[in-house]
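Below you will find one chain, with nothing else, as structure tokens; this is the form predicted on its own, and questions on how it binds or moves follow later.
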Amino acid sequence: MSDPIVVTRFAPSPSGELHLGNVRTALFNALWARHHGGRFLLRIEDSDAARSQETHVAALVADLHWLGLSWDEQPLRQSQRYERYNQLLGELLASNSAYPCFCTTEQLEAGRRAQLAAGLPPRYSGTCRHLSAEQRATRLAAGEPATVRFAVPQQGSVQFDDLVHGPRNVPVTELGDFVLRRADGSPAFFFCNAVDDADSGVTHALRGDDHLSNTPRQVLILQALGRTPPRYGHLALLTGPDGSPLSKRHGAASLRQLREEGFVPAAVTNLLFRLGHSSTEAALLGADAMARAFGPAHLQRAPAQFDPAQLLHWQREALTALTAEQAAVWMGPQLPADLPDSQRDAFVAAVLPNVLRPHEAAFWVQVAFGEAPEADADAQAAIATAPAGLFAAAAAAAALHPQDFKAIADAAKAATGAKGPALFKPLRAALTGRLQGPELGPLLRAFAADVARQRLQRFT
């Protein structure tokens, strides 16, 4: 028999923006499915109506599309599956794998305090587990509020082979009977999550380490329902360079903010691919190459450190790989709306190697298409020390060859004998007001016809 199709999923709660940690989870699940030619699913875990917002759903869908991630079926919505959850809860109740619990919050808290005082881990004591069927029916008929708890086996352990952490063996005594449905009728997260995985045919579920404690419970739920649990893999958290949990102070913005700042998708995916996932691939990778190189065996157990400098490194690599058309679109919002295509293309080609985000091009837009920039102190010093006749010769050449910097520099060199920094610094200073910046030859091709002559003529 052939191996089953690999099915993975990303299951965010629409309660906020996507950040790098959950974006990495989405990427890894998508890559593992693509690695096997399988299916990648998106599920919206919106069972918590108080925290879920449609605006967040729309935003996370837009973020994932921008990143280049696509899914293979219509996204599942937990809020539309309550009938299914109640059906399966009924099956668990009928098989005595679950039972109604009438303990109040006060009673549960008192039991918790008593266990802690005795040096025991706080676990549900099982009070309502021992009620008879008649007692349960009577109390339910009287309208007593009740949760539904899973009846954890009294002995043994839960075993599963984690894709990251390896074989796990959790004694059932560590679990306690846990809540499947709250008293208000809403299902618990790990119950919905497990049922949805089973119903969708999910075979592998990569998720954060914070879900590791849920896994034994979910394995028990699915076994009680006669379903096969997926292979779980729990990813180590992302941290800042100081080892603390990743936050905005480390420069880790939401995906929306990174997009608005001008980071390109390939920069983000190439960074995330290497955060907690070892790879010998040092070059910028496209989606197909990433999928081929990805595997849970390369996932690291230790927390992965986010370094903003690495994001900038991959941004540079990704910008270098852009086509001329893609680069023009990326820088487009900074450019004059009525700019001729030839000037636009020349400007983008000249400036792209000098910027990492579109807003950094704003100064050079002014240099190329605005009034002559005021020279800074270093540029003024270079202009003041220029050999006599340099600007006159350069201006005359610019009148004949307005966008040919080599012709302009050659004329100035022939007239003065200047070469090297003594030649190029004054010319750059007069043309741009700065001594550093884009290569002058390509930049002058973006200038309007008489701009170079006018700027050089000022210093004759």
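For every residue, the number given is its place in the sequence shown, counted from 1. Computed from a predicted structure; not experimentally measured.
Just so it is clear, the following notes concern the form predicted in complex with a small molecule, a form of the same protein that is not shown.
S.K.: Using a 4.5 Å heavy atom cut-off, are Glu45, Asn193 and Arg207 all in contact with the small molecule in the predicted complex?
M.R.: So, yes: the whole triplet contacts the small molecule.
S.K.: Can you say which of 141 to 149, 123 to 131, 83 to 91, 207 to 215 gets within 4.5 Å of the small molecule in the predicted complex, counting heavy atoms only?
M.R.: Answer to the contact question: 207 to 215.
S.K.: The small molecule isn't shown here, but in the predicted complex which of Phe189, Phe160, Phe363, Phe369 has a heavy atom within 4.5 Å of it?
M.R.: Result of the distance check: Phe189.
S.K.: Is there a heavy atom of Leu20 lying 4.5 Å or less from a heavy atom of the small molecule in the predicted complex?
M.R.: Looking in the predicted complex, residue contacts with the small molecule do not include Leu20, since no heavy atom lies within 4.5 Å.
S.K.: In the predicted complex, does Ala11 have a heavy atom within 4.5 Å of the small molecule?
M.R.: Within the cut-off, so yes.
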